[in-house]
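So this first bit is one chain, no partners, the form predicted on its own, shown in structure tokens.
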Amino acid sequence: MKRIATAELGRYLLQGRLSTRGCLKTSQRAVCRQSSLQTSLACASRSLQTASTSQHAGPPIAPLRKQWRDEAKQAKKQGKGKAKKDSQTVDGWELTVGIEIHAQLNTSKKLFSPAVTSFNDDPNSHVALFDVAMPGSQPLFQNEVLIPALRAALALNCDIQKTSRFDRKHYFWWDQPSGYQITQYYESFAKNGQITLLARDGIAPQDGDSVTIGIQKVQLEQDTAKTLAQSDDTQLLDFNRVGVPLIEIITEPQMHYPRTAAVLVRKIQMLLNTVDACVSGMETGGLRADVNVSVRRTGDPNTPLGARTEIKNLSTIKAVEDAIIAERDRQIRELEAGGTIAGETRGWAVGSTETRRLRGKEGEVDYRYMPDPDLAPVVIGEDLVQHLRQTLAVSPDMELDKLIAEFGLTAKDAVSLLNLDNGARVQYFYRVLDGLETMLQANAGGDDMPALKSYAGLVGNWTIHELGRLTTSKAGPFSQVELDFTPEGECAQVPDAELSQLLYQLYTKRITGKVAKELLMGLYLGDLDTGILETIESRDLWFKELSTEEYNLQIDAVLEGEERVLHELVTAGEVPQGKVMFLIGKMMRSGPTERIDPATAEQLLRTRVSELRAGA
């Protein structure tokens, strides 16, 4: 059989056009011989070019892709388009979620030994005798650990307990040398807190404008050693992490939507960072979440909660939502098939679609909790609590309100600014804003300053979006994984003073947006031998804007040949914004782009349109 050319096969598959020679034509004739008189006439007409308008020939066959597009448009018109699946709910079922968050405290010493907390030093270089359960060693509670722990509890609106005690939680694993973990199971240092999540935080739409989640308790406990897996199935242990102080935040089981649960973890992470209680976020291993998931049928409020499973060690915000959805769906499938849900501990791998069983769920009896006989109760004075309450940092919600109301940022940008780089990006924003404001004040002299929102929004946009683009593929092979920010908001790659200078020149229309973006990229890549201002001067990058007469000539040029658009602009009840922007875009493409300010061009074009409408 002769090989069919790709182009010929494509015409057949995508356009319905049959070849006039070769196997395809032969097969046509075979079909024609077996058909009726009408089909024979159709075959005959095909031989005389089937595109003929003969009444015996059927309508021309539309290309396959066009058929698909037409069918999709028709389905959309009839409301039959495929609806996006709502992953937050399942009809007939109610989800219930509780979360346990483990966060490493920002302290220089471990919980029960004077060894230094270390995360970047050589393995097993900061280990005290008690950390490895050396016989005869005793725990020594480090008082300084209480300060960040209390700040975290106060930020979560908890009641601080005057007296709390430590207990032993017994289990054997290679990362726990003593065979038990010291925690606060019976009498924790903080209880009865709450946290409110707002719609702007990104909660599920079903939760409305806000939802308040109760915090059952916050307790102190030890971290375990770090396991380092090797390629030959060997497991190495780094005891630098064992004994590092943690707080465990246990919520009430009051969440019913996966997205809301993920938002809770993100907001608690932001809270802990704001009050300087936590070392780092989930992305660097400083915070981990365990979620407890159960489902029950809706319709009967007296139906008890279903058996719960626990998913351990979730390390990203997205993993929290994805793991809850996967486990909820697994439990529903099991129950609808007539099975039961076993209380067990399950695991989750990033990128997977199913949770996996790790082990049976341990209970209180399995852990054999008992008071630690080597540790005295912790007594917290009211004066310390009041001092920390009064000096607590501004809450993220208050700062969000300020960024939105005073600085004019959108809710989405404000949330991003607070979450990026563990809060360092918002400090960078303030530094850049202060620098720009100083330059504007010097330039204004005795005149009025421009409105704060007019330039704060510009700073916010560049701090979030333009800096974010630097680390994408647009920077080519020189792009870095991320920008480095100090907790104070300093950035070595793009110093805040240089970005302030850049935005000052842009805001005062001395350079164009295109030039500003190119200068930012050059600054990031280290291509600028001098500062922003010196580079603009040495390369003569100043914006030389068109005069009014030159703008009007450009407007005349873009209106030429656009009679239909001009007619709509003159006769419409309101000037169509889309048509105006179409003409502005045409002007930017055809004119000297580096000398055109879109805002000025739009203003003069609208003036011309108003004159034409008045004379019509």
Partner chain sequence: MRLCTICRLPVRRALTQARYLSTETPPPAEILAKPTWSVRSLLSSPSNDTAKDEKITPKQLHHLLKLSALPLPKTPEEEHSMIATLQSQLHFVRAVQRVDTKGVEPLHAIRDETDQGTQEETITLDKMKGLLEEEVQVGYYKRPKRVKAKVESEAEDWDALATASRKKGRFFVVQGKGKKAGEAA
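Numbering follows the first chain given and starts at 1. We call the rigid core the largest set of C-alpha positions that still match within 1.5 Å between the two forms. The structure displayed is predicted, hence computed values, not measured ones.
Not on display, but discussed next: the form predicted together with the partner chain.
For the candidate spot formed by F239, G381 and Y430, every residue has a non-hydrogen atom within 4.5 angstroms of the partner chain in the predicted complex. Residue contact check for I147: one or more of its heavy atoms lie within 4.5 Å of the partner chain in the predicted complex. By the criterion of a heavy atom within 4.5 Å, A337 is excluded from the residues contacting the partner chain in the predicted complex. Among residues of the shown chain, H387 is one whose heavy atoms approach the partner chain to within 4.5 Å in the predicted complex. Although the partner is absent here, N157 is not a contact residue: none of its heavy atoms lies within 4.5 angstroms of the partner chain in the predicted complex. Checking 116-124, 459-467, 536-544, 498-506 against the partner chain in the predicted complex, the stretch whose residues place heavy atoms within 4.5 Å of it is 116-124. Site annotation in the predicted complex: the residue of Y185, Y180, W93, F407 reaching within 4.5 Å of the partner chain with a heavy atom is F407. Out of the listed residues R330, K109, R266, K191, K109 is the one that sits within 4.5 Å of the partner chain in the predicted complex by at least one heavy atom. Interface residues of 211-231, taken as those with a heavy atom within 4.5 Å of the partner chain in the predicted complex (partner not displayed): T224, L228, Q230, in sequence order. When two forms of a protein are overlaid on their rigid core, residues whose CA moves 2 Å or more are considered shifted, and E336 is not one of them between the shown form and the other one. With the core superposed, G306 shows a C-alpha displacement below 2 Å between the shown form and the other one. The Cα position of Y430 differs by 2 Å or more between the shown form and the other one after fitting on the rigid core.
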